[in-house]
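We begin with a single chain expressed as structure tokens, specifically the form predicted alone.
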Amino acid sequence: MTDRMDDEIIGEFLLTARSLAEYRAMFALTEDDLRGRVLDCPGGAAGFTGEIAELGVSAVAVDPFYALPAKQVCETALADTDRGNAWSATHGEMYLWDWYDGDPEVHRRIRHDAVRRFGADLEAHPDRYVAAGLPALPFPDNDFDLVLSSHLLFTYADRLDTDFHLAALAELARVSRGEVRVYPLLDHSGAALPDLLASLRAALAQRGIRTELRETVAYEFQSGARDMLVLRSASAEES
């Protein structure tokens, strides 16, 4: 096996599940950030949407997987969580386990709990979960105060080309009246993507979308994944 995720073991895309605590850390979220209307895209089977809704946030998650029956989504997420966890544990040199107390089983337990939270919220509040995907979202312009996107863009740069990345980032900026935060900026093998990142930032600037890199050292599971990309459109700057 190479040091990149083997499609025969991991699959084309993992349906991942993360907690609010993980989101807070990897996106450097403050209490002020979690106000108004928030979009998670792609949401996967994260417990995040339900957890912040309990805090009074108007939360929406979007993912193509939501077109499937809820039970199937949860079963897929649990299976993908276990496969991803097993792969990470056997490639420990590529990961920093400090956030999970140095224990892959803690990582697995947190992710399973996130799936359970997700499943319960999906059943109770299906309106929060929209079956759609990048690069075309069914929301009006400037609809969200904050947009978060993790572990799709850049992560799967080997199968999502530059045009897809540009269209997806522009779409995320379109539906945001505040910031778009994207994390991580490495591919799934841990490789940095400086050429892709530079070309995207230049193309976005031509569209009037300002970008910056911010360090998010509170969460570094994938070794070297310390930065997030932040987007803010011209219309958001004016609001």
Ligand SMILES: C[S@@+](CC[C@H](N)C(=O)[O-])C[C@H]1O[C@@H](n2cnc3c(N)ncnc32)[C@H](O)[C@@H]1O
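For clarity, every value in this text was computed on a predicted model and none was experimentally measured. Residue numbers run from 1 along the displayed sequence.
The same protein also has a form predicted in complex with this ligand, omitted here; what follows describes it.
- The shortest heavy atom separation between T16 and this ligand in the predicted bound form is within 4.5 Å.
- At least one heavy atom of S150 is located within 4.5 Å of this ligand in the predicted bound form.
- Among residues of the shown chain, C41 is one whose heavy atoms approach this ligand to within 4.5 Å in the predicted bound form.
- W97 falls outside the set of residues with a heavy atom inside 4.5 Å of this ligand in the predicted bound form.
- Listed stretches are 128-136, 87-95, 115-123, 100-108; the contact stretch with this ligand in the predicted bound form is 128-136, by a heavy atom cutoff of 4.5 Å.
- Of the residues in 20-37, only Y23 comes within 4.5 Å of this ligand in the predicted bound form through at least one heavy atom.
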